[in-house]
Structures are given as structure tokens and as C-alpha cells.
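Form predicted on its own, single chain, as C-alpha cells, below.
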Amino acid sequence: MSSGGFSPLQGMSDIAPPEVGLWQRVESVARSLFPLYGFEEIRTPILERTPVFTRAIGEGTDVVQKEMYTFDDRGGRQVSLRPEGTAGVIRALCELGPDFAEARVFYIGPMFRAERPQAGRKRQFHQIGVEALGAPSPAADAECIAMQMHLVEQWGLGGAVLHVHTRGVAADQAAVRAGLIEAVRPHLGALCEECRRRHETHPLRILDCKNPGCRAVVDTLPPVMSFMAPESRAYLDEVVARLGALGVPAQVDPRLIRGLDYYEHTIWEITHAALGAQDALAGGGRYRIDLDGRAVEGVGFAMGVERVIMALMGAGVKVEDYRGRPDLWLVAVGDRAREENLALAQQLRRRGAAVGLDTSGRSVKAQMRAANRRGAPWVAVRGDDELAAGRCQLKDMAAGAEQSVTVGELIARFAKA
């Protein structure tokens, strides 16, 4: 039944069975893996004061300029729905005090950006991310990247490709900006309108443009690292070497820039062929965020769950395989059996068994159809005769074989606790 005028807003989607089962699996794998690396979960508000994002992400970024959901609340404060996870997490860790100066945390939750919806990109989207606070360290960067690649493998996405680059330190970025402005100037006529607009303000974004004319110009430009100090290039070399020692191959990609202003030193992106031409799966980087007069340094990554789900389905995963299925379905013949089955189901559920049954008085045929729809592997049928004997007819739905068992035997077979 359609909800008509109450359907979700454009770019915001319901996540229903059976697809939600695959989402739960993606999240549970992450929740199991992160603690192996010493990361604990943190949960922050979806709504924050707008400066939390504008100061951290950068006033001139596309996220801040075009994509944030920002409004005044009833108290006249300007607030925004979080467009990414890092800024709010850093704000929270700063408030928790010095004990969290080297925190290692992860988060899972929805983010919001007012951009044009497309495949794998929604206005409400979901991220799994981590933040590891601490001073710049090639070892810490390599460890964080290795954890992310480990997670991708645990999800079943073998064959992912890691691309790394560097934004250099803050002192490099002015030189990079000036160098790119001059290098691009002779080619302005060949750029798209958006890149011409960005030339003076955000020349790095030109490197990320997908327009063929712009890509041809980018191929003629000197590498971004050529404008950086030798120490910045050496830092990246050490990250790549440490990744190699961890068994994680990396490709240095001079076009990789990442779009947020807070990045310094290492940045990276992971791609996967299952996504097709738009193959970016996730990314991350080392950052420095100035929040309310305090500079916070760390390294982290964020992964869009929608993109992960797309990649898994592109790799052949079927969402139907992740639908929750009962261990057993109880079928009642008659009113008394229906009452007794509800009590039996409760006993089994309290012992860890997933049990389905009808509570509305439908026919035996309708109850069997319901068991089939939910994929129940076993069905136990009880009527007055079975109740009098303390037994039930247990049917193997795949083989079609039936056997008579006592209620005690049924409980012993399906109880898990």
C-alpha cells in the first residue's frame, strides 16, 4: 500500500527487509573488528551548532557552501544536520577532556547532505567511520589504512585497490595553491565552467574533475608533491613503506586530493571494480582541526554504507540471503493448540530459538504458506491429539520428511541456551 503524500523525501530511503539484514551484517562485522585494533564506539548528536562544521570542514568547501541542511532553531541558534562524522566526534572528544587526547573511537550512523541524489549517494546517507587522535605518525596512518582494508576484506570485497597521496603540511598548502593557480592559468579556456570558477579559490578541486577536457589539462600539470617540502614527500614514502610491511599494497595517485580542508599529510581512497565506472568505495586521511581555539590532530576514515551495499551486490551478494529466518515454525490445528503454541514459542524463545507462529486463527494451509514465505526449515504441527499425547509432528521442509517427537525432545533440539 502506497503512503502517497507521506512517502520519504527525495534522496531519503526506507531500509526494509530483506535488505536491512545485509545492512546489519555490514555493521556487525565493523563492530566486531574495530575493538581488535583498540577502537571504542562513540555516539554524537545528529544536530549540532553550525560552526562545529563550518570551522572544521572549511567555509569554502562544497559541503559547507552548497550541501548542509542549516536552519535556525526555536532559540534563534543556527544549527545543522551533520554532513559528516569527524567534526562532531572531535567536538565531543574535546569536551570529554585530556583523558581522550589519544582516543581511538568509531561511529555508525546517518549523515545529511542536500546534493543531487544518484546511485549510492543519498541526501540521508550512512557512514561507518573511525578517528584516532594523536600527532602525525606514518605508523599510525599505516595502521588505520590497514584496518580499513582488513574491514573491506571481512565484508567479502576482495580485490579492492588502495590509492594514497598527501596534502602536505599546512605550510605546503599555500605553495601548492599558488603553484597550481599559475600552472592552470594558461589552460583556463579548456576547463569546464565549474573549474574556471574554482581556479582562484579551490584549484585543488580541478584535479578531481571528471570532465574529459579538465582531465586532459590535469595530465599536463606538474605533480602536486612538486610544490611541497621534501619532508612531506618523505612522510608519504614512509607510510607506503609501512603499508608494504603490513602486506597492504598501495598505489600513489597524484590526482587524489580529498575535498575537505582539514586534511594534512596522508590521504587515501579505496576503489572496487564491483561499483563499475564510479568505483570509489571509501576514503580517509590525516587531519588537523581547529575547534574553538584548540587544534586537534588525528587520522581516520569514513565509509558510506550505501556504497558498501552497492559493491557487495555488484559482487554477487543477494540480500535475500540475509533475511532473518526462524529456526522453527509452530502450526496449530484448533483454538487450544493455538494457545498452547504461544506458550511453547515463549519457552523456546527464552532459550534462544527463533520461532514463528500464527496468532490470528488462520487455516493450517495458510500457516504452512507463512512458514514457507519466511523460509522456516522446520515446522511443528499440533492438534488436540498431539496435545493429549504431549507430542507434535515435526516436518523437515526441505526433505518433506515427518516424525513424531515429544515436546521435551522438540525443546531440546531447538533450544540454544
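If you superpose the two forms and keep the largest set of C-alpha atoms that fall within 1.5 Å, you have the rigid core. The structure presented is a predicted model; accordingly, all values stated were derived computationally and were not measured. Don't overthink the numbering: it's just position in the shown sequence, from 1.
One more form of this protein, predicted in complex with the RNA, exists but is not displayed; see below.
Heavy atoms of Q118 reach within 4.5 Å of the RNA in the model of the complex, making it an interface residue. K365 belongs to the set of residues with a heavy atom inside 4.5 Å of the RNA in the model of the complex.
Of the heavy atoms in R197, none are within 4.5 Å of the RNA in the model of the complex. Although the partner is absent from this view, K210 contacts the RNA in the model of the complex, with a non-hydrogen atom inside 4.5 angstroms.
This chain is displayed alone, yet in the model of the complex one of R91, R104, R242, R113 has a heavy atom within 4.5 Å of the RNA; that residue is R113. Screening G283, G168, P203, G129 for any heavy atom within 4.5 Å of the RNA in the model of the complex leaves a single hit, G283. Only one of 338-346, 244-252, 320-328, 304-312 lies within 4.5 Å of the RNA in the model of the complex by heavy atoms, and it is 304-312. Using a 4.5 Å cut-off to the RNA in the model of the complex, each of N372, D385 and Q393 places a heavy atom inside that distance. With the core held fixed, E153 shows a CA shift below 2 Å between this form and the one not shown.
After superposing the rigid core, the Cα of L275 is displaced by 2 Å or more between this form and the one not shown. Annotation for H126: C-alpha shift under 2 angstroms between this form and the one not shown, rigid core superposed. Distance between the C-alpha atoms of Q278 and P110: shorter by at least 3 Å in the model of the complex than in the displayed form.
In the model of the complex, the CA atoms of E194 and S80 move apart by 3 angstroms or more relative to this form.
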